[in-house]
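Listed next as C-alpha cells is one chain, alone, in the form predicted alone.
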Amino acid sequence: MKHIKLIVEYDGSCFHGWQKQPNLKTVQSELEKALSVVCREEIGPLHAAGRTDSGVHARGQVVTFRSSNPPELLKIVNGVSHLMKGELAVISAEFIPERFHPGHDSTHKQYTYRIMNRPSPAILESRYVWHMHRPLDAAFLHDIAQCLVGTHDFSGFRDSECCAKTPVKSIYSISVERTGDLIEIKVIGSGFLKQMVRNIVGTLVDIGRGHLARDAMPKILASKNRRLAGVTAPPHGLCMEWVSYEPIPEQLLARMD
C-alpha cells in the first residue's frame, strides 16, 4: 500500500462541509469518489488536516489516503481536478511515510476571513467575502484582537456542538488589515475549535459597529462564556489558507511572550 498526501483547494459553497454525511454532498465523499475512479479501486477513508464547516473554503487543505496500486501522481492531480469540475482542484500529490497524519502532525495553520467593507454589495466576490456596509476601523480591530494571542481557554468562542477534547488552543498571530475596501483577518494557531475563527470575527465586527463594548474582547476571553461573545460570522468569508508541519518560526513564538 502506498500512502499519498494531497494539497487540495475547494470552493466551500459547493459542499456541506468536509466530513462525510448521509445524503449530503461533502468534500470527503466527493473526493473519495473521484479518487476511486482515478485509482481504479475503492478509496477511503480520507484523513484531512481540518474538518472545514459547510460553506468554508480551502486553499491549502492537506489530505491523505492509501492506494494499493496508484497511478502516476500527475494523473491523480489532473484526473481528480478534471472530475471535480471546477469545485475542487488537487494542487499537488506526493508519497509520504506511513506514519504521517495530516491533522495530528501539523504544527500550525492559517485561516483568513475576508470582509468587503463598503456601502455597495459585493458582486463578483459575493461567495468569498462577508459584506459589511457600515465602516469598520481595521487598525482598531487589530489592536483589540491582540489579547487573543497566546495559549488560552477559548470556550468563549467555541460552538456548542464542538467535540474537541480541550478548549485550550494557542494563537501565534492575529492581524486585521485593510486594502481598499477589503479587510482581511488572518489567524495563525496550533489548531482551532469548531467555529472559533468565525466567532472571533463576529465578535470583532460587533465591537467595531458598537454592538459590544470597546473593551469586551478580553472580558469574553476570560469569561469562557460563548453567550457574551458576538455573532458567528457567515462561513463563506472564511478560508483555510495553509497547514504547516515545520517547527513554529521563532518570530511567531516571540509574540506569545
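Quick caveat, the model's predicted, so the values are computed rather than measured. For every residue, the number given is its place in the sequence shown, counted from 1.
Note that the form predicted in complex with another copy of the chain isn't included here; everything after this is about it.
Picking from 164-172, 80-88, 99-107, 143-151 the stretch near another copy of the chain in the predicted complex, with a 4.5 Å limit on heavy atoms, gives 80-88. When contacts are judged by a 4.5 Å heavy atom cut-off, R198 does not count as touching another copy of the chain in the predicted complex.
Under a 4.5 angstroms non-hydrogen atom cutoff, another copy of the chain in the predicted complex has S120 among its neighbouring residues. The shortest heavy atom separation between R59 and another copy of the chain in the predicted complex is within 4.5 Å. In the predicted complex, another copy of the chain sits beyond 4.5 Å of every heavy atom of A139. Taken together, the three residues D53, Y111 and V243 lack any non-hydrogen atom within 4.5 angstroms of another copy of the chain in the predicted complex. Contacts with another copy of the chain in the predicted complex, taken as any heavy atom within 4.5 Å, map within 217-243 to C239 alone.
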